[in-house]
Structures are given as structure tokens and as C-alpha cells.
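First come two forms of one protein chain, each written alone as C-alpha cells, so that there is a structure 1 and a structure 2.
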Structure 1
């Protein structure tokens, strides 16, 4: 392999990554609507027309950004599953709270990106569903862990994971995260987790 390989001949994948990277820089600062294809192209040292060799549309670049955002969130949740020294109960709570914190920090620190992701996911329900499935399969692992340790008695872990997902909907919706303090939401989320563990029968 010649030393020049990497600089002389970037792969299509590498160029796509570059475009995504430069696009995100713009989106963070100015938002999706206020960023033009010409600007992104200039930042990449190419023409606007050439962007279309790598992305079908501007919307498609937005999809790329949304996918990165989702991957980031999923990585954080996977990390919760690897975190040592947590009981299944603690892990379940951490799982819910980490997702809430992730969304909250993005909403306050990068509102433009958050708006973009919401806009994209509004038309790409399939991405939302895939993300939900990933979260549910991670939750299923937590529930199975709890079954093994005797802390939980869950008959159908997949079904229950989905039910937990429904129960915690409020803590994933930008609408509430924007209008309620993070402290209040965290307390409420903890109460919800407590109740789903204990049940009304105590």
C-alpha cells in the first residue's frame, strides 16, 4: 500500500463523512433552513452540484445527521448496560434517566440540531421505529438480567420492554423537556420507574 493512498484517493464513504461533518458545523450554528448547499459545498472544497454525487438531496444530508444523533444516543444507552456495579433496578432507572439527560442537553446546547432531527424524524417514522426497537432490545436485556437475579419476574420481556417504552414516553418528548425543568422531569421519571417496579400492590 503506497503512503499516498489515503490522501490521493479518498473513498466515497470518506467524502460522505466529510460532507456530513461540514454540514453539521453549519447546522449547529445557523440551523438547517439557513444553511445552503453552496455553503456546505464550499466548506468541503467542492461545488454544490457535486454534493449530489454523495447525497440525493439536502433532506438526505439531514437524514445523515439524524442518524448520527440516534447512534450517539444508542451508544450512551449501550454504555448503561455495560456500567459495572448496577443492580437491574438501578440500570433500568439509569437507562431512562440517561435518555432524558441526552435529549435535554441537546435541546439546551444545540437547539438547531434538535429541531433538525425532529423535522427529519417527523417524515422518517421508520427511523424512529428502528431506534425504538434498539432501545427495547436493550431494555429486554435489562429485564432478562433482572429475571436471572431474581429481582424481576417478567414473563414476556419483549412485550414488557415495549410497555415500559410507552410508560416513559413523556421523558423523550421535546415538548415536555422544553417546558418542564430537568429537575422536575428527573424526579417524575424516578417516580415512574419506582412505580413500574413496585406496582400498585406494593
Structure 2
């Protein structure tokens, strides 16, 4: 008779999730650069050798943490597209404002995460490009909805989505928004959106 499986043993994915959770806590408190694999392993209640079974380096953990942040941001933007009762104009404004609020709450109010952001910008630009493509795809859906409703007159939705991405860059990058209150930033973002809307109406 084969031995019974211990159903309480965590899976590899559960262990990876725990490692990322503990790493986020450390990065927020001390910064990416000042955190070591030994410290993350200790926080997880495991040896550093065991930690290396799941992540080859601190930089791989950093990428995993960044991917979690990106996934959260993308889900928030997808939720905007599913939010009932919004016109395309209201959806576009909500799209810009929700991303701004996400960046402000997760990056600006957690300054020790800045060096992780810098690492991703310097070493993993592919993640930034992929996130840009997702945002542009979602924005294209909003523009297409506006064309169907008659609120917008956009000849090339993909090109226009990319232009909107460029126009709203300030509201996504920490070094542009870290010294400004969220209230001031929201007012500025709304003004930019108002200008864009005038152009989208044709």
C-alpha cells in the first residue's frame, strides 16, 4: 500500500508566491538594492540554498515582483473596460486616472521600490514594452467603442492609442509625479484628457 500524500505540503507555485510576498515586504521597507537572498530566505523560514531552488537570483525575484505589479495594473485597466454605465469619454478618463492612482499608491508612496523600478527600466525593457502593448490594446477598445457610439471619429485606433500613451507618459512614471499630490495630478490629468477628447471628436 502506497504512503498517503501529505495534502498540507505547499506546492512549488505556493512557495514561489510566498517568496514574492516576503520579497515585496522587504523591497518596500529596505529597497531592492539593500535586500539580500539570505534575508528573503530567512523571512520565508527557509535556507538560502532552498530559496535558490525557486529563483536563481535576487534579480529573478525582482522580475517576479515587477510582473505582479504589472498584472495588478492591467487588471485595474481591464476592470475599467468592464465597468457598466460609462460612456467611451468617461471610460477613457477613468482609464488614465486609474493608472495614475495605481502608480501613486504603489510607487510614489513606497519610495524604496524605486530602485526596483529603475532595474526593470534598465535591464528588462521587454516587460515595459509588453505592458505598453497591453495598455494600447485596451485603449484601442475604448476608441473603437467611441467610434461605434459616434462620440469619436478616429481613423486609426491603434496609432491613436499609441499617441495617447505618449501623451499620458507623465502620469505613469514615478520621477514625474513623486513630488506632486494625487489631487493636483488628477486635475492635470483631467485637463490633458479634456484636450484629447476634443481631438478625438474630429
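None of these values were measured; they are calculated from a predicted model. In this text, the rigid core denotes the largest set of C-alpha atoms whose superposition between the two forms falls within 1.5 Å. Residue numbers count along the first chain shown, from 1.
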remark   = Between structures 1 and 2, the form predicted in complex with another copy of the chain is number 1
message = Please state whether residue 150 has a C-alpha shift of 2 Å or more between the two structures, with the rigid core used for the fit.
response = no
message = If the two forms are fitted on the core, does residue 35 show a Cα displacement reaching 2 angstroms between the two structures?
response = yes
message = After superposing on the rigid core, what is the C-alpha displacement of residue 117 between the two structures, in Å?
response = 2.8
